[in-house]
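The form predicted on its own is given below as one chain in structure tokens.
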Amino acid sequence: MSVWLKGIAAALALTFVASGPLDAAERKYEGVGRTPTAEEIKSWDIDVRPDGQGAPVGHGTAGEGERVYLVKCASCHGEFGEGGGRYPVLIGGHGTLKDMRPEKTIGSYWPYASTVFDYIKRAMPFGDAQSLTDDETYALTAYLLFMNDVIEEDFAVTQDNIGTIEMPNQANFFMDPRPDAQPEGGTACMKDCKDKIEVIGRARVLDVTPETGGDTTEGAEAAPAEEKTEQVAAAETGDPVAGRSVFNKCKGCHVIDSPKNRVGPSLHGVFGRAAGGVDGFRYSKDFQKVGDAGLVWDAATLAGFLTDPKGYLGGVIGKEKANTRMAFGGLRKEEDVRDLIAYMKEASAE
């Protein structure tokens, strides 16, 4: 038999062995292969199921994961998980799945925390897959879950709890109930089929002209004085106790009771401070332009920023969206904006 045919025979034999039960005593092929060692099996048997089965021993917290993320992940996914170029956004997107252009992230779309771990362990970092330790992978998983408001900052993700963490979109993943989609097969419904299929909607709109929104070009008029007055008055009615809970969306990047910067600048003493005014912090160029334009943080400006950070700052410098290097897309509820500002005013006092 030629060398080529021997190679084909060996490959087929190994396929038969792999596809059947792992009982080497019952499957022997003369001169072909050998029984894999426990270490060899361990090297490829790394999958973690949705229920957590297969998770290796280890643990990690968001604080530990932040350090790993900045070194291993930020160059592709952005310092705030905002994505860059062809690399996807990891954080945010909550409530967008029904939008014309949904933003699918770990927080808005991903069904299981255990498979976040599984994917990172198998495929990340890009170009250096499977280089992370189990503890580093648990820590990265914890950091991404914390940044998406799934767990608290001090929660330690381990092999014992990773299969029990409930994701925001988990309930929307379920087994397909159609008979023809089941593992055992079934009879497809072929009755009363339509003669013609017409596309009446598309998942993505490519129109470049916005359908809504105001003038964000240079020289656009600022919000009327009475509107700013209303924003200030609304902010003063907020509940600082409730705002502390809202601040959970911010504390992954910011501290408010200390001048020490984290991934984002410290918010200590933010009221009355010029935008981009924290010494020693590296702001984006657009954020620096906003500060140079004279924007000062008060109840009104914070209300506009917290609702739409990129759009609000873009309006200040005369462009559609400003690059803030922030993944945070803005608060959707006016009550949350009022409460957060009330808390920030109380907690950030010098």
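We number the residues from 1 along the sequence you see. Because the structure is a prediction, the values reported are computed rather than measured.
This protein has a second form, the form predicted together with a small molecule, left out of what is shown; the following refers to that one.
Q: Within a 4.5 Å heavy atom cut-off, is W110 in contact with the small molecule in the predicted bound form?
A: W110: contacts the small molecule in the predicted bound form.
Q: Just to confirm, P88 within 4.5 Å of the small molecule in the predicted bound form by heavy atoms?
A: Judged by the heavy-atom cut-off of 4.5 Å, P88 is in contact with the small molecule in the predicted bound form.
Q: Within 4.5 Å, heavy atoms only: does H94 come near the small molecule in the predicted bound form?
A: The answer is no: H94 has no heavy atom within 4.5 Å of the small molecule.
Q: Quick one: is L306 in contact with the small molecule in the predicted bound form, heavy atoms, 4.5 Å cut-off?
A: Output for L306 is yes: heavy atoms within 4.5 Å of the small molecule.
Q: Pick from 161-169, 145-153, 67-75, 94-102: which stretch has a heavy atom within 4.5 Å of the small molecule in the predicted bound form?
A: The contacting stretch is 67-75.
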